[in-house]
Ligand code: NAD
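Just the one chain here, laid out as structure tokens, in the form predicted on its own.
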């Protein structure tokens, strides 16, 4: 099937495929939109069973980054990278160097950062071959890893949703089901535990579940059981499409607020949530803390932008996620349309402005590395 005809294509500006036999790297980079600036998005490494799954994932994630940056009022476009492979067994220095060469070959149209299956250390390895990396600020207390900011933004969003729908001033005794205890999911669980919430958790890594039970007094449940629990909030923090034909009928939670990208399997599932009266916090609004973090990290490359500027701007911008959500909730109620549609409209108004002049993206990559990528 032609990539142009793919149901997730959505007018992507560029899709690049890379194959490096020596390192075993097979990767795809999707650049959705650069109207507001260069495309920035994480690099995910995952053992996709089929190439089609990888293509679908990178297209959906790339599009989501465009909307995420726009809704957060950042001068960035949307892009994403996926590496096909198991990060636990197939990752190597050679593979990461090859990925850095691939990114460099795009000449600055795409800037990468950490994502599922990659870490600050991995991005630093890529950064030995390309300057187009972010989320690797060695001077910060978390080494540039944006996941703490993502988790805090999700916590702020969940708190805002509870205040709006349940008219509750705090989270004490609130029942929250968390699907996924990775870097973001576990930090979210810590924030919620500190706020007095009761946690139900599941993850494919049993050690993470055991840790949450031990440290956060969480209640462990099986993977499928997490959807049907009688809780106040369901927080999907694993992979996408958690809200699908199988799970939507099981949900008892009145609020969905989690860190995962592309939580709705289809638009129709968002419409069903609205009809059911379940308050859905649009995923790319909720989890924008990470992209906000890496955006301000890159601003520190500017001569007059200091670490103090970074800390202040980051804190202010992440807190604003709650204000954005409140506006979305109110518009959704006033116009009787789903929250995800309201968010899409706001984002599209920003990156599709008719008076917008796309800024040229400087390409200083050597011709040898540019030949690595194949654009379609």
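Numbering follows the first chain given and starts at 1. Bear in mind the structure is a predicted one, so any value in this text is a computation, not a measurement. In this text, the rigid core denotes the largest set of C-alpha atoms whose superposition between the two forms falls within 1.5 Å.
What comes next is about the form predicted in complex with the named molecule, which is not displayed.
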Query raised in the report: Even though the named molecule is not shown here, does residue 74 get within 4.5 Å of it in the predicted bound form, heavy atoms only?
Result: no
**Report entry** the named molecule contact in the predicted bound form: residue 127, any heavy atom under 4.5 Å
**Finding:** no
Query raised in the report: Given that the partner is absent here, does residue 105 sit within 4.5 Å of the named molecule in the predicted bound form, heavy atoms only?
Result: no
Query - Proximity of residue 182 to the named molecule in the predicted bound form, heavy atoms at 4.5 Å - result: yes
Report task. Work out which of the listed stretches, 188-196, 235-243, 272-280, 118-126, brings a heavy atom within 4.5 angstroms of the named molecule in the predicted bound form. Result -> 235-243
Report summary line: None of 267, 204, 220, 300 but one has a heavy atom within 4.5 Å of the named molecule in the predicted bound form; the exception is 204
Query raised in the report: Of 260-277, which residues get within 4.5 Å of the named molecule in the predicted bound form if you count heavy atoms?
Result: 260, 261
**Report entry** Residue shift check between the shown form and the other one, rigid core fit, residue 328 Cα at least 2 Å
**Finding:** no
Query raised in the report: On a core-based superposition, does residue 61 travel 2 Å or more at its Cα between the shown form and the other one?
Result: yes
